[in-house]
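Single chain ahead, by itself, as structure tokens, in the form predicted alone.
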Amino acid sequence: MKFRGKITDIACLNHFTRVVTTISKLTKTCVLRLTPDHLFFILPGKVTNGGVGMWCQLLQANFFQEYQMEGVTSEVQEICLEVSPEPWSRALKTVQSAKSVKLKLTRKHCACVTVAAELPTLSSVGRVVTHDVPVDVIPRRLWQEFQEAGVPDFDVSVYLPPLKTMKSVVDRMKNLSNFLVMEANLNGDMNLKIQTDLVSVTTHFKDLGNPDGGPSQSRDPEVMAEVTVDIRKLQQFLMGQQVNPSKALCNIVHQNVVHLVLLHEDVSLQYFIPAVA
């Protein structure tokens, strides 16, 4: 079981750092699944039990100039690790000016992913800074939990408004209520609503557009699908976003779950927020 990756392109390093930092804002621990072609950051949240879920997929060739891995066996070319993304994020942020950064699965006092950065120097002597980030190797008998979650048949799919705008709205609403209603329809409309004994506030977004190939067009396009969610979970998602997506989608299963999707050319991030029971 081996893993080694090397990043020599500064833009790739910055982008990888932003992805890891985004993950660190969403969860304290997650699963890193390594395959020959992809890296996956997974939070196998039990959405049916009120937990959030996350699935972030990266194409390794778009980040690493060198990438080698050997799975647990010659037939099973995968490695699953439990990681804390925040120490990774800190380590990567300190080496943004590096000539190259290597990531390697090592064994020190425990299993680690070692981040080794070759820093620029004026002398002929190289300068390397290393960070050892502890990880736990997950046994194969638990791997079935870390497959991509099937997306339930959603009632409405709509493009999200600009995420900074959405974040400012949610930040203000959080001061008024712990719960928020997200609703959308097939006319490209989305509403964010809170309602308490003292106040009722609704923010309307119009003409957002609906992705092709979404729910059945036999549904009345005016009818809203809605989910009431914990506003802190939505705020956490919006606060952590550093991926700068080219597309951002919201899929709603009426009174069940909100499925948020951020798409970049080489990254996809899915986030599941369950309805409040």
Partner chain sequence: MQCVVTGGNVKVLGKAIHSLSRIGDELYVEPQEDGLALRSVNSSRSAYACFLFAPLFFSRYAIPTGLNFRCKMAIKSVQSVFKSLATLEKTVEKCHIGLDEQKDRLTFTLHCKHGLLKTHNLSYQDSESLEAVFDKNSCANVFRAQPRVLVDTVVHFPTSLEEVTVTVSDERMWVRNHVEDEAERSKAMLTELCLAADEFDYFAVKAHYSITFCLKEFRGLLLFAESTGLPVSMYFDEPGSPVVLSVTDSVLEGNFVLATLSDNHDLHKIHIDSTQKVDIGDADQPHPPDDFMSDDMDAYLIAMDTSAAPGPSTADPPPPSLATFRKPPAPNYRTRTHSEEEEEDDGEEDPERPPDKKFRSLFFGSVLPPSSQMNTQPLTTQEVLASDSEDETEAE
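Nothing here was measured: the structure is a model prediction, and the numbers come from that model. Positions refer to the first chain, counted from 1.
If you look for the form predicted in complex with the partner chain, you will not find it shown, but the lines that follow are about it.
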Note: exactly one of 77, 191, 94, 106 sits with a heavy atom within 4.5 Å of the partner chain in the model of the complex, namely 94
Picking from 71, 161, 152, 134, the single residue whose non-hydrogen atoms come within 4.5 angstroms of the partner chain in the model of the complex is 134
Only one of 203-211, 109-117, 152-160, 172-180 sits within 4.5 Å of the partner chain in the model of the complex by heavy atom distance, namely 109-117
Q. Judged by heavy atoms and a 4.5 Å cut-off, are 87, 90 and 123 together in contact with the partner chain in the model of the complex?
A. yes
Can residue 195 be called a contact residue for the partner chain in the model of the complex at 4.5 Å between heavy atoms? no
* Please run the contact check for residue 127 against the partner chain in the model of the complex: heavy atoms, 4.5 angstroms, yes or no? => yes
